Structures are given as C-alpha cells and as structure tokens.
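A lone chain, given as structure tokens: the form predicted on its own.
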C-alpha cells in the first residue's frame, strides 16, 4: 500500500509540475491569439457578412471575375520567380561565405544584412533611380554606346522583381548559411577520399544535407513576397498589381471590407495549403529515408 501511495503522490506531483510548465507560455499564447488569431477571425466573419446578412457574394465575385484571378496568378507567379532566383543566387553566396574565415564571413554577412539597415521605401526609390529611363543604368549603357535608346527596366514586372529580390534575398541567405555552417565537413572529405569530384560531392552530399535550410529559406522568401505592397506599387508603375495592393484598394478606395477580407483569406488559405503540401512531401521523404 505504501508503495502504491508513493507512486500516486509522485504522479500527482508530476502532473502539477506539468501544469506549472504549461502555465509559463500562456501569456505569450494569449498575446499571439489577440494579435494574430482574433484579427483573422474578424476578417473571416466580415467576408461572409453583407448588408442582408450571410452571403457568399464576396467569394463568388473573386472566383468569377477574371481580374481577381489575374491578380492571384500575378502574385503567385512573381513570388515563385523571386523564390527561384533567391535560391539560385543565395545558395552559392551562402556556400561561399561558409568557406571563408570567421572574420571575413562576419564581414560578408554584414554586407548581406545591409538592406535591413535602411527603410524599405528608401530601398525601393533607390532602385527606381537606378532603373528608370533616365536612371543611372540606362545613362551608363547609353554613354558606352551599348544601347541606342533607354531600356524599360522600371514600371514593369522586371523592375518589380529586381526590387523585391533585393529585399528578400537575406531571408534566404541567413538560414542557408546556418544550415551549411552546421554541416560536418568530414562528409565532404569522405566523399573526396572515395573519388568524388568537388561538383559531385556538392550535389550528392552537401545539397541533400542542407535541404531543411533551403526549404526554410525558400518558404520565408515566398511568404514574404506574397504580401509585398510598396515595391510593386512604386516599381510596377500601375502595371503590376498584387494581392496586397488590391486589398488596399478595396478597403480604402471602395470601402468594401468584405471584398478586401475575402481576398486576403483566399491568399491565406492557398498559402497554408502550399505549406501543408510541402510539409507532407518532406515528411514522406524523411519516412522513405528512414
């Protein structure tokens, strides 16, 4: 009986301790709920409420209106393009920085973080100064005689992509650098000792082992790109419309909060679906590897 009583007291003590540990993050969880979940819930409610009560008009309008579908396609195509470009540019950059001595690597990482030191609006206008028809790039190539007339580098999709890529590239380089830096270099040495060339060792050893960092960086870039407003508004010149810009128009110009909230929720749902799809694929790959 005494042993049973001791076990029961021990289990009760463990349950009480678990409850105390669970109570520690409660303020943070409540703050997260107030800041994130409650506004999303309000948007969800507003998107289904019209002058006469419950309605699906906001969603049917988006699905039936070619203009809304074009905006969604533009948003996702630009975000995917920027994500691919960030991988192509950021992976080699992160790998090169990881091979440098600590002091040189710290300097290079500081240069990568330079975009964070200035306002997004300032960075966007800086690109406009460079890319516009009378900008520095066109003036330079005209002076060299490479081109006969200014190129259209701004107020289009090209300028929007360049400006957005410059802003989001650090979001890929940093997690990619951390993933490569934490890699045990003995794996690469072992591959070299077994006769693998540097290129083969890179693709067969380093890339597969850094997939988690690559996926994390790519998702950060992709999600951040979906919500861009200032850069496509300025560098797009009215020719590039993304979801955030249309949400702003519906809310402020047309005062149609139902249309704005439904469009924002559709973007959120599609993004979450992509997240779950990628997570499921990665889980299957880990399961197959095990």
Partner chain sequence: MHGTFEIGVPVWRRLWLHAVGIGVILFLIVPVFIIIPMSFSSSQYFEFPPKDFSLRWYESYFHSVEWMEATWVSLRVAFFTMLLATPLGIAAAYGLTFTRHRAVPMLRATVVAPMIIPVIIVAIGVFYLYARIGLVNTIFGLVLAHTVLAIPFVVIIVTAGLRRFDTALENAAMSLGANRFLAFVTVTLPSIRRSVFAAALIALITSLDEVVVALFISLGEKATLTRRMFASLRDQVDPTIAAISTLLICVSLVVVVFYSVQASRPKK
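Worth saying up front: this structure is predicted, and the values here are computed from it rather than measured. Positions refer to the first chain, counted from 1.
Just so it is clear, the following notes concern the form predicted in complex with its partner chain, a form of the same protein that is not shown.
Student: Since the chain is shown here on its own, which stretch among 144-152, 211-219, 198-206, 74-82 would lie within 4.5 Å of its partner chain in the predicted complex, judged by heavy atoms?
Tutor: It is 198-206 that comes within 4.5 Å of the partner.
Student: Given that the partner is absent here, does residue 157 sit within 4.5 Å of its partner chain in the predicted complex, heavy atoms only?
Tutor: No - in the predicted complex, heavy atoms of residue 157 and its partner chain never come within 4.5 Å of each other.
Student: Using a 4.5 angstroms cut-off on non-hydrogen atoms, would residue 281 count as touching its partner chain in the predicted complex?
Tutor: So residue 281 does not count as contacting its partner chain.
Student: When the contact criterion is heavy atoms within 4.5 Å, does residue 132 count as touching its partner chain in the predicted complex?
Tutor: Residue-level check for residue 132: yes, a contact with its partner chain.
Student: Does its partner chain get within 4.5 angstroms of any non-hydrogen atom of residue 60 in the predicted complex?
Tutor: Outside the cut-off, so no.
Student: Determine the residues of 91-124 with a heavy atom within 4.5 Å of its partner chain in the predicted complex and present them in sequence order; the list may be empty.
Tutor: Result: 92, 93, 95, 96, 98, 99, 100, 101, 102, 108, 110, 111, 112, 113, 114, 115, 117, 118, 119, 121, 122, 123.
Student: Given a change of 3 Å or more, say if the Cα atoms of residue 277 and residue 177 sit closer or farther in the predicted complex than in this form.
Tutor: Between the C-alphas of residue 177 and residue 277, the gap narrows in the predicted complex (3 Å or more compared with this form).
Student: Did residue 223 and residue 34 drift closer or farther in the predicted complex, going by a CA distance change of 3 angstroms or more?
Tutor: Compared with the form shown here, the C-alpha atoms of residue 223 and residue 34 sit farther apart in the predicted complex, by 3 Å or more.
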